[in-house]
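Okay, here we've got a single chain as structure tokens, the form predicted on its own, with questions on binding and movement later.
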Amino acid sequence: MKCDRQTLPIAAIREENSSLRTFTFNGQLNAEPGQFVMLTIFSQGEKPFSILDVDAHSFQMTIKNIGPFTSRIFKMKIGDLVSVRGPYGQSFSRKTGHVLMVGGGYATPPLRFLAKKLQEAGVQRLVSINGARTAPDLLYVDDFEILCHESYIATDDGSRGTKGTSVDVMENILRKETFDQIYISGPEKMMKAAVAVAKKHQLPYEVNLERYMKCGVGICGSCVMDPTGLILCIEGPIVDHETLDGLDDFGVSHRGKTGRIEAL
């Protein structure tokens, strides 16, 4: 896929909660759910971000303020220019039978994008689980209710939906219902627990992995995963169950800025 760089003004900013904002750009982006873009603030760095939505004339990203680079983004205003290159990476597959999506925290944007595309493709049954620490941390609750045949909510503190994690809800659902495909996106330890449940029920799954990415095109080696040498920015970030089984560092470790292996 051709990956172009675009310099675009921020068209809109929507505050999702105290640490998350959705940024809209008016431009064309030929992206699929699960792919990512590299966003550049001129002379101030570049980082990868997942994609929330794409239409014929615009695209959106939901960004969490978690460090110096995202703090700079949060200081920007409508009309300020940024550079976007991409999309990069592999997307989720599009199974149109009975599908379960398991999301957690601020990693849910790709699942919202996927839900939209699956509905357009005529999915038979689409069930979503949307988990977060507290009710204010939940994202796209109304969107999932509209896009899915059934949607569930889980919060760690019980402030909305089931008290517990999205994996707890997943286990309860799979006691009563089976699926042709499971898509998982969330914190890696949560995804590792969800994978264990999917394996117990012998169901196929795909996960949305995150690693430190400097280039996005497979040159720097920051996102290489052991022991297979999988280059996540090219061969991921969406990884299927067969590939994931060969990755020893899933849910255990990752490479930091210097390339040193660090525990998650």
Partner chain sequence: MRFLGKEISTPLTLASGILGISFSSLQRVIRDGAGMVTTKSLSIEPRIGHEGPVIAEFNGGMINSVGLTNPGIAEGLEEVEKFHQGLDGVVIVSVFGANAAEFVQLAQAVNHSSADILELNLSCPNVEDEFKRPFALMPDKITEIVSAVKAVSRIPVLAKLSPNANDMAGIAKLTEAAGADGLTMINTLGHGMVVDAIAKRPVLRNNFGGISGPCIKPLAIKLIHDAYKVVDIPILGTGGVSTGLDAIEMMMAGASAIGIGSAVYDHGLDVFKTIREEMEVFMELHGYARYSDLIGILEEN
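Just so you know, these numbers come straight off a predicted model, no measurement behind them. Positions refer to the first chain, counted from 1.
One more form of this protein, predicted in complex with its partner chain, exists but is not displayed; see below.
A.B. asks: Which of these stretches, 196-204, 22-30, 54-62, 39-47, has heavy atoms within 4.5 Å of its partner chain in the predicted bound form?
C.D. replies: In the other structure, the partner sits against 39-47.
A.B. asks: Among 93, 83, 119, 178, which has any heavy atom within 4.5 Å of its partner chain in the predicted bound form?
C.D. replies: Among 93, 83, 119, 178, a heavy atom within 4.5 Å of its partner chain in the predicted bound form occurs only for 83.
A.B. asks: Does the trio 211, 241 and 244 actually contact its partner chain in the predicted bound form, every residue with a heavy atom within 4.5 Å?
C.D. replies: No, none of the three is in contact.
A.B. asks: Is there a non-hydrogen atom of residue 261 within 4.5 angstroms of a non-hydrogen atom of its partner chain in the predicted bound form?
C.D. replies: Yes, contact at 4.5 Å.
A.B. asks: State yes or no: in the predicted bound form, is some non-hydrogen atom of residue 217 no more than 4.5 angstroms from a non-hydrogen atom of its partner chain?
C.D. replies: Although its partner chain is absent here, residue 217 would touch it in the predicted bound form, with heavy atoms inside 4.5 Å.
A.B. asks: Using a 4.5 Å heavy atom cut-off, state whether residue 222 contacts its partner chain in the predicted bound form.
C.D. replies: Yes, contact at 4.5 Å.
A.B. asks: Considering non-hydrogen atoms and a 4.5 Å limit, does its partner chain approach residue 229 in the predicted bound form?
C.D. replies: Judged by the heavy-atom cut-off of 4.5 Å, residue 229 is in contact with its partner chain in the predicted bound form.
A.B. asks: Check each residue of 180-211 against its partner chain in the predicted bound form and list those with a heavy atom within 4.5 Å, in sequence order.
C.D. replies: Contacts from 180-211: none.
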